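A lone chain, given as structure tokens: the form predicted alone.
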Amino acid sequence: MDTRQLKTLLAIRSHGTFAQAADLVGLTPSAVSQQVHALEEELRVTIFDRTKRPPRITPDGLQVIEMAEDILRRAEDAKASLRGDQIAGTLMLGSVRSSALNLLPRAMVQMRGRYPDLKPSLRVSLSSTLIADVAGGRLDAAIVAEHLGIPSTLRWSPFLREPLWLIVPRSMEASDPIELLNTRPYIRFRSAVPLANLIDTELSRLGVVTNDVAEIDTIGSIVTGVRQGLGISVVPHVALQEPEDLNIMRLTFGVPQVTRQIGIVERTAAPRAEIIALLHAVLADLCGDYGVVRPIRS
């Protein structure tokens, strides 16, 4: 097995056919087929089901592809390390589908600008999946909310601690937040994420009975609904960054005001710890007054 075979395999996965992969790697389709056959012989697995047209990746093939991605990434990181360039190679990142997700692309662009040899790669998924992938070494780090199910082999460091706001259309007469929650149409955030549970728990603690007019599973859509006068709702501060959000009034939610935290989860013995620390600093800076400095490891 050599890296050329693995790169060819990933090219087939990305482009769907042996012929298109051949163009990408600069080989003939016949040579691509020979490389795949040699890899199958060496590993004693069937990577592609050739009874289908085009050939389909088998379950064993999916495992081989995952292995190939890991090997190629480690090889690239090793080359960077030997060149003395620690801020290089591929940084495999994950993120929950959160309103804080808009921070991560900006941070990745800044990191890429400062360190041109660094190649960030982003995957969005559920927090439980991301935590498992970090623990298993399939991701270097992931952006997740404060989570009770983080194993002891992982470290979670918040970069954002932000308030939650009760948001109200400016056309609506402002009054006591509790009165508004009890009397005005309410847009509920309905999603299997910690933020939704945090909001619902505080509503229950306040003894509020809301008049729900909609249940929406994305914060951005909720903000749009409030802006257009559909109702009131509760959202995190980071969701209110657009100029048109100036037309929305913000009132304190909770007594005391409720906050939530977003952070980076990584392995305690993370091989990319230096890069992850730099990413944390960039994210915290982008969060402004609500950014959290990364604690120093003892």
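All figures in this text were calculated on a predicted structure; none of them were measured in a lab. Take the two forms, superpose them, and find the largest set of C-alpha atoms that agree within 1.5 Å; that set is the rigid core. Note that residue numbering follows the sequence shown and begins at 1.
We do not show the form predicted in complex with the DNA, though everything after this point is about it.
- Within this chain, residue 50 lines the site of the DNA in the model of the complex, having a heavy atom no more than 4.5 Å away.
- Under a 4.5 angstroms non-hydrogen atom cutoff, the DNA in the model of the complex lacks residue 231 among its neighbouring residues.
- Taking non-hydrogen atoms only, residue 67 never approaches the DNA to within 4.5 angstroms in the model of the complex.
- The DNA is not drawn, but in the model of the complex it has no heavy atom within 4.5 Å of residue 258.
- Checked against the DNA in the model of the complex, the residues 30, 247, 268, 241 give one hit for a heavy atom within 4.5 Å, which is 30.
- Partner contacts here mean any heavy atom within 4.5 Å of the DNA in the model of the complex, and among 58-66, 259-267, 232-240, 34-42 they occur only in 34-42.
- For the candidate spot formed by 4, 18 and 26, every residue has a non-hydrogen atom within 4.5 angstroms of the DNA in the model of the complex.
- Residue displacement note: residue 283 has its CA displaced by under 2 Å between this form and the one not shown (rigid core superposed).
- Relative to the superposed core, residue 251 undergoes a C-alpha shift smaller than 2 Å between this form and the one not shown.
- Here residue 32 counts as shifted, since its C-alpha moves by at least 2 Å between this form and the one not shown after the core is aligned.
- Distance between the C-alpha atoms of residue 133 and residue 11: shorter by at least 3 Å in the model of the complex than in the displayed form.
- Note on residue 15 and residue 134: their C-alpha atoms are nearer in the model of the complex, a change of at least 3 Å from this conformation.
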